[in-house]
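One chain comes next, on its own, written as structure tokens: the form predicted alone.
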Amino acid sequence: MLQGTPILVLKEGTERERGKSATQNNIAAARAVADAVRTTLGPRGMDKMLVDSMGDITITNDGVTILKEVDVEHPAAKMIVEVAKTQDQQCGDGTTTAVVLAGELLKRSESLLEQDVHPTVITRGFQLAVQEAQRLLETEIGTHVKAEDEAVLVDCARTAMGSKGVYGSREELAKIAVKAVQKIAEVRGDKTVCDVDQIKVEKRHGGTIGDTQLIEGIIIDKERGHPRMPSEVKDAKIALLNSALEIKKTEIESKINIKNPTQIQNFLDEEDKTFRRMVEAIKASGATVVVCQKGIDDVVLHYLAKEGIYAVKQVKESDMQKLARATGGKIVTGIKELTSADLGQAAKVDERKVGEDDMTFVTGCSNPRSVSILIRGGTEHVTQEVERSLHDALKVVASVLEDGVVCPGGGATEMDLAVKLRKWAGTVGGREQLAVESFAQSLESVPWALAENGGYDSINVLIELRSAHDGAQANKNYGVNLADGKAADMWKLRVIEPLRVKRQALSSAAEVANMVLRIDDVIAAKKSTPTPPPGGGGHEH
């Protein structure tokens, strides 16, 4: 009966792409994103200027910043953006590398698909290649370093910032990054843990990048609450309060009936007494500085100023927690509970003018578990780029301290993996071997892009690198020296990266390539509408 009559499952007019055209479209979209950031790779990479709908400008060559800011429509391209975000969260550096690799893997897959290699075979080959690459990274390429080896940490931070706009000042910035991370590193059991969020970064334009400094304490972006308070307190005892030093309005509406004028005076006197009691409680605890998360009444500020106590109000909760870690104080909810044991300590608390703003500096903490970096630079765009560079450097130093394994940069690691995987491909057999070879070829796109962005002949550089990594005198540390476009030993040039950056870039690039390859049908899904509650909002039993 039904022979020859097509059955319509999807609504007419539903947008749909299937088979090869779906795969090709997805690959093209993903590659377009990868090509957009490819030119930013490496120390000689170019910058992108991003202009948003409000006309605000961001100038950067940080892969993840570019991809976060760009308005991406295509679903496959969005997956590539996710790769960059994951890489940024895990390692801070290597975002561009991960995206370029993913784009290259998809480009190579396209020629395999044209040779009628099934997508499942390609993805299986890629998985095998990643497993082998991870094994090689762990056993043959990675070098173990000790946490005390400060020179290596500085080299890693310098390498991470080498591709950013702060090239001239990266030596000082690298040292600042290493010192900051060492301060907040904690040993838990047999593991070192570095929570980079404990480093507070404040940026103010004015001055030069060279004026950027590490402060062993916390900067609060607030001025003192009253002009008659001391502008500097030595040997400060700091009370951290997260309740307001004000008289709260009652929740329910209340009226006060006053029969004669003396009652008004009594009412005001009582309010004044309450404020005085607050200040006396603070003074009794021995505090000389008060940092309050909520508001402080003007009258209380006046009495605090009289007692010579420095007070700051409306401080962010995250800053309060950092202050507690830096000064060793405890955050107290009510003044009644405040004792001298809860106070934090710092050698100095003072108000300084930075640029156009007054800020409170809490410095000279004896063993700060939280520190601050004050970034300076000629313009706002410069300070933003310095902040992005420092973020990369801090994350990189943290991952070296946590893992204790590094590898050579400058495309040396990728080149070595490419050479070794190519030899290993022969042992895989089957059609998967073609995918492993394609994976090895894709890895070469990193040194290729580095050389290309440096203005050198990529083919010559690649040939030189291949011979340096293969043969009797093979040296795994040879990468692209961007000073002269020749192959050189990256350890001698001190271009070093954490192993975690490479590991993460490989696995996330392969995962996203596999995901895109496995899609053979793109269908416009219907919009989801919230279902109304059953029975007109009543509960059904």
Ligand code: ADP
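Remember, it's a predicted structure, so these values are computed and weren't measured experimentally. The numbering used is simple: start at 1 and walk along the sequence shown.
A second form of this protein, the form predicted together with the named molecule, is not displayed here; the remarks below concern that form.
Checked against the named molecule in the predicted complex, the residues Val289, Val400, Val83, Leu450 give one hit for a heavy atom within 4.5 Å, which is Leu450. Picking from 355-363, 213-221, 408-416, 133-141 the stretch near the named molecule in the predicted complex, with a 4.5 Å limit on heavy atoms, gives 408-416. Residue contact with the named molecule in the predicted complex: Pro43 places a heavy atom within 4.5 Å of it. Put simply, Asn61 is close to the named molecule in the predicted complex: some heavy atom of it is within 4.5 Å.
Using a 4.5 Å cutoff between non-hydrogen atoms, Ala102 does not count as a contact of the named molecule in the predicted complex. Under a 4.5 angstroms non-hydrogen atom cutoff, the named molecule in the predicted complex lacks Ile27 among its neighbouring residues. Heavy atoms closer than or equal to 4.5 Å to the named molecule in the predicted complex belong, across 374-401, to no residue whatsoever.
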